[in-house]
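The chain below stands alone and is given as structure tokens, in the form predicted alone.
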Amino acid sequence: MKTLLSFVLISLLISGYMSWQQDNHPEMLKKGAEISEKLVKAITTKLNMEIQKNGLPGAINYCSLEAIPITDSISKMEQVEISRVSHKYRNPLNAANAREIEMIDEYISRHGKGELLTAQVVSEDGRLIYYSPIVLGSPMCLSCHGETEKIAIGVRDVLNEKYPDDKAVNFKFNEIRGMFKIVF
């Protein structure tokens, strides 16, 4: 009887946990997509300029110094908290929590099956949180996130200096890098 009761309780906990993952909020999905698109445009525009001006090592310096202020600026303007989370992070501040790792793993699994990846809005502690997968869809991404031995030595040197515990490497083109996270 205790075993059956334990099984029922665990099943209820798991089903409650799964409901954390799927709340339907179309207006938040739209707003989250707009905000994440705005962020990507702001960062990639300046990143491309920096690459042309100072090469990839200069772009790494730019990312480590300027991406956070740009993100903070858009966060303030939109009155949200924006971050990126990953299972293989470069900056420890971007480490995904256990629930987010499960979500990333689900995205990776679905992506591997060729399924369409969609953003989702979840409810946690009375807050709505938008998550959208980040896919390395440009070969340029692999210049800093690709296979370690294929990353240029000068780039590797800067990455090793700035991020000695870097986990954001050894990705392949079109792989899931993590997720955008927007807390409303």
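What you see is a predicted model, and the numbers here were worked out from it, not measured in a lab. Start at 1 and count along the sequence shown; that's the residue number.
Quick note: we don't show the form predicted together with heme C (HEC), though the next part is all about it.
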Looking at the partner-bound form in the model of the complex, is Val135 within 4.5 Å of heme C (HEC) by any heavy atom? yes
Should Ser123 be classed as touching heme C (HEC) in the model of the complex when contacts are defined as heavy atoms within 4.5 Å? no
Residue-level contact is defined here as any heavy atom of the residue lying within 4.5 Å of heme C (HEC) in the model of the complex; does Met140 satisfy this criterion? yes
Given that the partner is absent here, does Asn94 sit within 4.5 Å of heme C (HEC) in the model of the complex, heavy atoms only? yes
Only one of Ala119, Ile70, Leu128, Cys63 has a non-hydrogen atom within 4.5 angstroms of heme C (HEC) in the model of the complex; which is it? Cys63
Quick one: which residues from 165 to 183 get a non-hydrogen atom within 4.5 Å of heme C (HEC) in the model of the complex? Ala168, Arg177
Given that the CA-CA distance for Met179 and Ser64 shifts by 3 Å or more in the model of the complex, does it become closer or farther? closer
